[in-house]
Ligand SMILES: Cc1cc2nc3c(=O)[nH]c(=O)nc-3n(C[C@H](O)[C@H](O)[C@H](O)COP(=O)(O)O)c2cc1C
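Read the single chain below, which is given as structure tokens and is the form predicted alone.
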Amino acid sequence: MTSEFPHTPPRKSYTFSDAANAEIRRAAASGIYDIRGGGTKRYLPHFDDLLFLGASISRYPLEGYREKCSTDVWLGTRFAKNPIHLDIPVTIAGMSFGALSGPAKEALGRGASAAGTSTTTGDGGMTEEERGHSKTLVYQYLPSRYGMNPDDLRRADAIEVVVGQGAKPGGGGMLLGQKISDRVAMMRNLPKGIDQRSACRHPDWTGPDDLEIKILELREITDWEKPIYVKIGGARPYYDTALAVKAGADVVVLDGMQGGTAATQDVFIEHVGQPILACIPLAVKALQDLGMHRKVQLIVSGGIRTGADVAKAMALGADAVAIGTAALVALGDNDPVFEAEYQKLGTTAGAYDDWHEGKDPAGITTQDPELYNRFDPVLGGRRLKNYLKVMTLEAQTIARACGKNHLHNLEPEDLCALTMEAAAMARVPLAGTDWYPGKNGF
């Protein structure tokens, strides 16, 4: 019998969404937590929520084709005998050999060198592909100590002590057995084909005093030549930045939760850490309170995609940025040209984050010779160089429009925010006002 009253259309729960229910069913069926790569997929306030205030009458813009706008940056000027001078303020973040293929590491070195910037080793040690093609190479010193040896520390141009990563602050990484080839096993001193989990903290210190001792050890090993970076995840950026500076860091690398990772628990990626937009002002304030802003350089990462993102990060007080996921996309990862093969893996281009399984059809996040031999490191390096060039030109265009002759001259005054959340995090005025939440205690 049909009711004489119309039925209310069925509604699904926002809390118990299709995605949430699917994860409950997956966990119930498997009894294990989900592991994946990539970065957070949830919406977070980001650089898109900020706008620049271009010059007009109250500010005088620069003519793009006649007036210079510099982009270079010095890193490690505090204590290092040989600080690094880069042509552009966009660097390549640490991504390990193991997570990436040898040809992919070579392409990163080629592209970064051609663009006048640096690349970073990542966990697992230094490869000849990357050292041989990187004019400036930063060596990551991680809790795992995989592949670490003093000779490679001396061969590097800088050393990055990794305390935390934005995608998993407080947690270690993973490398599943199918990606631990003979070469990876030899470099990391691990058994071939056995799952590996990196440590979440360094084995020889329990606090900032021990970090200071470790930094001094690294300086002595390298005769005080190399800049020492300290990388922190975006959890407590004010205090972590201050402690890194007091421990003797030349450079602080700050990674927000939009940063990617090769593999960790999904619950880490989505629920631990803070957006980079919230982290930068706090780190800058710590440097300012210590009288060290611009004396200790700040590199920020986590979701940097365009020259506008670069310019906004620098306007908030960063000296440079680092890119990881964007660099892989520039090389050709997640390219729709491989859509048919991504479909066979049960995913789609743009959503592929099972990098830890080593089945990447692009040949970038794999140790399978059949797959990584598809990838041309020369072409990949050229693509990365082009991408870095475009990012730099975009950032210059914005800086000139704001009347600035160097990217470092951009400042918070050049920005406004579109949302209350972005205004509160970035501490710049809501568009059309001179106020942001928390200003003057309100």
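Counting begins at 1, following the sequence as shown. Everything numeric in this text was worked out from a predicted model, so none of it was measured.
The next section is about a form of this same protein that is not shown, the form predicted in complex with this ligand.
Which among 222-230, 81-89, 236-244, 117-125 is in contact with this ligand in the predicted bound form, heavy atoms within 4.5 angstroms? Going through the listed ranges, the match is 117-125.
Proximity of Gly260 to this ligand in the predicted bound form, heavy atoms at 4.5 Å: Yes, Gly260 is a contact residue.
Even though the partner isn't displayed, in the predicted bound form is Tyr372 close enough to this ligand, meaning a heavy atom within 4.5 Å? Outside the cut-off, so no.
Might Leu328 be said to contact this ligand in the predicted bound form, defining contact as any heavy atom within 4.5 Å? Although this ligand is absent here, Leu328 would touch it in the predicted bound form, with heavy atoms inside 4.5 Å.
Heavy atoms within 4.5 Å of this ligand in the predicted bound form: does Trp355 have any? Close contact exists here: in the predicted bound form, Trp355 approaches this ligand to within 4.5 Å, heavy atoms only.
With this ligand left out of view, choose which of Ser101, Gln140, Ser134, Gln297 has a non-hydrogen atom within 4.5 angstroms of it in the predicted bound form. Only one option qualifies, and that one is Gln140.
Though this ligand is not shown, can you say which of Val310, Ile269, Ala318, Ala322 has a heavy atom within 4.5 Å of it in the predicted bound form? Spelling it out, the residue with a heavy atom inside the cut-off is Ala322.
Residues within stretch 164-183 having a non-hydrogen atom within 4.5 Å of this ligand in the predicted bound form: Going through 164-183 in order - heavy atoms within 4.5 Å of this ligand in the predicted bound form - there is one hit, Gln165.
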